[in-house]
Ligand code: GLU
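Presented below, as structure tokens, is a lone chain in the form predicted on its own.
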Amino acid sequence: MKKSLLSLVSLTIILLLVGGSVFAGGSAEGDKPAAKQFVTIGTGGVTGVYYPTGGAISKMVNKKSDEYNLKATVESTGGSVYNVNAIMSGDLEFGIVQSDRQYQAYEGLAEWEGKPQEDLRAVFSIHPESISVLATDDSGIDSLMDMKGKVINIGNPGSGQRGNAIDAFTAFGMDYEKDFKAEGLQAAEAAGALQDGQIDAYFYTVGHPNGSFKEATAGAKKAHFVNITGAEVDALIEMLPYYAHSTIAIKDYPNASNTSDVSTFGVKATLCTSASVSDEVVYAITKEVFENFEDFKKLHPAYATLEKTDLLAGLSAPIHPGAMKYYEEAGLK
């Protein structure tokens, strides 16, 4: 009798342990983790489009938090380079990254020279971003070449716009370390610095309309956007195909001194993750954005002209299997 009782107790303990392991590891179907998971989306400065984009994605996912056993939060960060590094270190599960930075990280170029981030994975593209330059009217800056000897904010180290600014100057044969005084302010600080006379112009790679530029063009100092065009830009786009010509609609900035739309070039914002993030989590986020696409487009003017197929362009890292599963189900791949 004692042996039978001991065996029964032992069997019960084993079943409880096995059951607990199954519960902790996920459901039998594998559709969602049984224990709620928490993920963070790295964005950028609070005045840019990245921050509300991350907020929009998390809001959609969190509406179905119980269904997916998933909770998403948003973090304001230093931008693309920071987001890639944080994803790779496990500090972030997702991050919004410029298409050029995605390419450089995966290929082991620029900040990742010789150290390709082979576990970086693409989820989807989001919106086009123009490399935008705003200068005060009294600075005399009407082209990049006019910036020699001036004080120009090219963006904080680790930000996408800093790399874009350096690419632009290099294309025009200028040295950002010698030809002018380069400042490294974050985007949130740039508008105030321009109006306070601390800088003559600033770069910001961003979707439009944008709060920083609205602030900077509404102050006492009159300001205008600078066109970035010419054979130099054409050659740059030919050499680096993640760049493309773009236009800033001046109707979005009624206080700017420009009288017509501004010609420039740009990249795309992309959502990236790591190969170590589960297929279920990436699938859930991808599905919610695509199946609520029209609502997503209404969340920011920068999304207004997007089509679903646009979200699969500009992805130079391998697409995460969780995202690919949804694309194949939806007939997008």
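As the structure is a computational prediction, the values presented were derived from the model and not from experiment. Quick note: we count residues from 1 along the sequence shown, nothing fancier.
The form predicted in complex with the ligand is left out here; the points below concern that form.
Only one listed stretch (64 to 72, 282 to 290, 45 to 53, 303 to 311) carries heavy atoms within 4.5 Å of the ligand in the model of the complex, and that stretch is 45 to 53. For the options Ser132, Gln98, Gln104, Asn153, the residue carrying a heavy atom within 4.5 angstroms of the ligand in the model of the complex is Gln98. The closest non-hydrogen atom of Phe124 lies beyond 4.5 Å of the ligand in the model of the complex. Heavy atoms of Phe213 never reach within 4.5 Å of the ligand in the model of the complex, leaving it off the interface.
Proximity of Tyr202 to the ligand in the model of the complex: non-hydrogen atoms within 4.5 Å are absent; the residue sits far from the partner.
Within 4.5 Å of any heavy atom of the ligand in the model of the complex lies no heavy atom of Met147. Shown without its partner, the chain has Ser159 as the single residue in segment 133 to 159 with a non-hydrogen atom within 4.5 angstroms of the ligand in the model of the complex.
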